[in-house]
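In the form predicted on its own, a lone chain appears below as structure tokens.
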């Protein structure tokens, strides 16, 4: 069996200047891929690219807002122009806004869904067009969540968005099959990233409990061992999905949550 490697492949990773996306980009580069670091923060993008290049990897910075069609299309075209193809997309960019449904503003609802769902649609459409036109196939990977399977209080928009990504994954798996394009979704538990760190005090205020109780009794209560999922856990799964050679693994969601959700 071939080892999991991405030698000769080109990956486009959104939200890749920090957190989960950055670790996935690092793992992909170590596995031989040329990597486009696509992120809203231009300074963090430059730093992430510089770090990869210092380690001898091929990397490109693509500052972009995943909710802007023209930026997404231009970013994918630039990546193909620079590296010659596009073989892997990781649609990872995301935000979090927590509030009770009765207090959730429509503006915040639209903002969160735009990043998670519009961004996933725009990036996957642009990537799939390139994959189909070049006849090399490819892998599209969405960053879901246990909230693609379960609901939690204060997260109406987030849960809705993450459930929606499962549907998009399955449609792309069916439409992409004849072109060798696979689509899968990673559904992780809580990963200790800046995004999660910001949620802890927000949930403590909304729920009227301590930050320690948020971690112990909200975020990790349903796990089997009281542990956070790590960025390395998620990156290993992303590498497996990206390097898998056939349509035998497509249209699937893989949960990595320390047993919080068991399929």
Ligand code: NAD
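Positions refer to the first chain, counted from 1. Here the structure is a predicted model, which is why all the values come from computation and not from measurement.
Only in words, not in the display: the form predicted in complex with the named molecule, which the text now covers.
Trainee: Are all three residues 156, 218 and 257 in contact with the named molecule in the model of the complex, where contact means a non-hydrogen atom within 4.5 Å?
Mentor: Not one of the three qualifies.
Trainee: Choose one stretch from 80-88, 187-195, 171-179, 130-138: the one whose residues place a heavy atom within 4.5 angstroms of the named molecule in the model of the complex.
Mentor: After filtering at 4.5 Å, what remains is 187-195.
Trainee: By the heavy atom within 4.5 Å rule, which residue out of 36, 33, 238, 66 makes contact with the named molecule in the model of the complex?
Mentor: The option sitting close enough to the partner is 66.
Trainee: Could you tell me if residue 99 has a non-hydrogen atom within 4.5 Å of the named molecule in the model of the complex?
Mentor: Answer no; every heavy atom of residue 99 is more than 4.5 Å from the named molecule in the model of the complex.
Trainee: May I ask you to check whether residue 41 falls inside a 4.5 Å heavy atom distance of the named molecule in the model of the complex?
Mentor: Residue 41: contacts the named molecule in the model of the complex.
Trainee: Please check if residue 94 has a heavy atom lying within 4.5 Å of any heavy atom of the named molecule in the model of the complex.
Mentor: Although the named molecule is absent here, residue 94 would touch it in the model of the complex, with heavy atoms inside 4.5 Å.
Trainee: With heavy atoms only and a cut-off of 4.5 Å, decide whether residue 11 touches the named molecule in the model of the complex.
Mentor: Looking in the model of the complex, residue contacts with the named molecule do not include residue 11, since no heavy atom lies within 4.5 Å.
Trainee: Pull the contact list for 143-163: residues with a heavy atom within 4.5 Å of the named molecule in the model of the complex, in sequence order.
Mentor: Going through 143-163 in order - heavy atoms within 4.5 Å of the named molecule in the model of the complex - the hits are 143, 144, 145, 158, 162.
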